[in-house]
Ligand SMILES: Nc1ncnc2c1ncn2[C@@H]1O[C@H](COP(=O)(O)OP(=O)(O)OP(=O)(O)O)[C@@H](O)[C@H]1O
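To begin, one chain is listed below as structure tokens, in the form predicted on its own.
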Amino acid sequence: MAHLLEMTGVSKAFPGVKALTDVSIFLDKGEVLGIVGENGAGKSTLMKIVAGVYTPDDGELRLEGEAFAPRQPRDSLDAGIIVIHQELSLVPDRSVAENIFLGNLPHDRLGRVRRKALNQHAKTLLARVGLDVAPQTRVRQLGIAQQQLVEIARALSRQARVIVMDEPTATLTTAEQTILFATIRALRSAGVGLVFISHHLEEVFEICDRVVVLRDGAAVEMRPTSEWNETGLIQAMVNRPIDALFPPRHAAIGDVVLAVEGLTSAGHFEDVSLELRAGEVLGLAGLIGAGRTEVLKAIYGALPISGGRVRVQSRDVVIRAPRDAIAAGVALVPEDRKAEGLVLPFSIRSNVAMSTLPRLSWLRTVLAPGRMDRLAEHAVADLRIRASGIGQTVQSLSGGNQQKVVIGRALTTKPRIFLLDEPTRGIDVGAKVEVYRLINALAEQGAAILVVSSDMIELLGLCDRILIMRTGRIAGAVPRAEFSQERIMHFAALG
């Protein structure tokens, strides 16, 4: 029998970049194919070819044995190929139902939308993905995780033969992920072929039947999931041995450099107290909505403080804005790098320099281009940012390299205290290891680091202590000698 979707010898080049080289993979009906690889390995380019966004330079696609050459996204949609991108493509001021059936709204003979039928069909699909919202709700009113489920409901509405999911769990809670995986299994049982792209290898092992590894634009290995293990998969992705995901810790823990006492931000969290020492990596765990991100933003001056105090190196500091935090030696790497950490159309050079412009100018009035260049060049070299040069726009970088630019800008302020909010979200395993090594190196140099992460394994591997938040308060503290996922989840869920 012919494969549901087959790509043979597919290559694609852009000016100065060979994105794909002679890639051959296939997908069968009722199968989930996992695609893994570092940022920049070619995953997005491959899926954009399937989606009709790009046309391959060489090679061919076949759909159920027939030649398939989409020239535009509509061709792929008409053929039953749906791509759910990591960047959501919803219309915020339209209803959930209208977004689900966008381009395919039910209408009568006069062209008027049949609202009752539209909402009823949408309600059925929303139930399938476990999203309990009214079909008439405007998408703008939904959280990111709920919007992701609307995207999946839209795919279900199109009678898809092939569904491609690019990092579909990036913004989902554990409960929502469980619903998603149940939906994937139901689609697989119905004969739909699914492509699942994820940096979370535990998800790949849980849901995928086969896994293909892309590296530097080539498909280097494709095997049944049962023939892979995590170590082998990581080594295939990065082409180098990884003895352990988390490098050994050698930092000496010193005196308290940050003390937060009874900190409160009305409506977000209250009475939060913590101490952070030089050379220490302190984790902040908790379920989504527990207040972790808000604590970091308040310390950094990006969220108003309504009570309590902050002490840096035993001195009270008043932080009303991020510039006050920077002056006190505090740096923040925000959770949403694209919305809060970068100016995407700007160059690496401009983004790295953004927090230190007064220091890079003559008499604080005229920027010194040479100083900006040297600062950016050091960041690119020290953090191994993969780019054509410091003039490359940040929006054209992979997720991992964008994250390095954010970290590079934080480093330019020469902070003693780092607030890292989901520092490895949306980046590949190889880039994660580099970030972990950087965190260790900073700690060994005496920096104090407060890390928020939703990845429990990450916190257990990185941290010296972990504080757990629940409903806006510190619910517990666990020293490294007593680390366990069960204990931390107990505090997070029950207090």
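Heads up: residue numbers just count along the shown sequence, starting at 1. Take the two forms, find the largest set of C-alpha atoms that superpose within 1.5 Å, and that set is the rigid core. Remember, predicted model here, so these are calculated numbers, not experimental data.
As for the form predicted together with the ligand, it is not shown, yet the points below apply to it.
Contact annotation for Asn440: none of its heavy atoms lies within 4.5 Å of the ligand in the predicted complex. The ligand in the predicted complex is approached by Gly400, whose closest heavy atom lies within 4.5 angstroms of it. Using a 4.5 angstroms limit between non-hydrogen atoms, Lys43 touches the ligand in the predicted complex. Proximity of Ser355 to the ligand in the predicted complex: non-hydrogen atoms within 4.5 Å are absent; the residue sits far from the partner. None of 43-51, 463-471, 447-455, 26-34 except one has non-hydrogen atoms within 4.5 angstroms of the ligand in the predicted complex; the exception is 43-51. Checking Asn119, Gln392, Gln235, Thr225 for any heavy atom within 4.5 Å of the ligand in the predicted complex turns up a single hit: Gln392. Here is the short version: of Thr169, Gln86, Thr413, Thr264, the single residue with a heavy atom within 4.5 Å of the ligand in the predicted complex is Gln86. Residues of 3-23 that come within 4.5 Å of the ligand in the predicted complex, judged by any heavy atom, are Phe14, Val17, Ala19 in sequence order. In a rigid-core overlay of the protein, Lys18 has its C-alpha displaced by at least 2 Å between this form and the one not shown.
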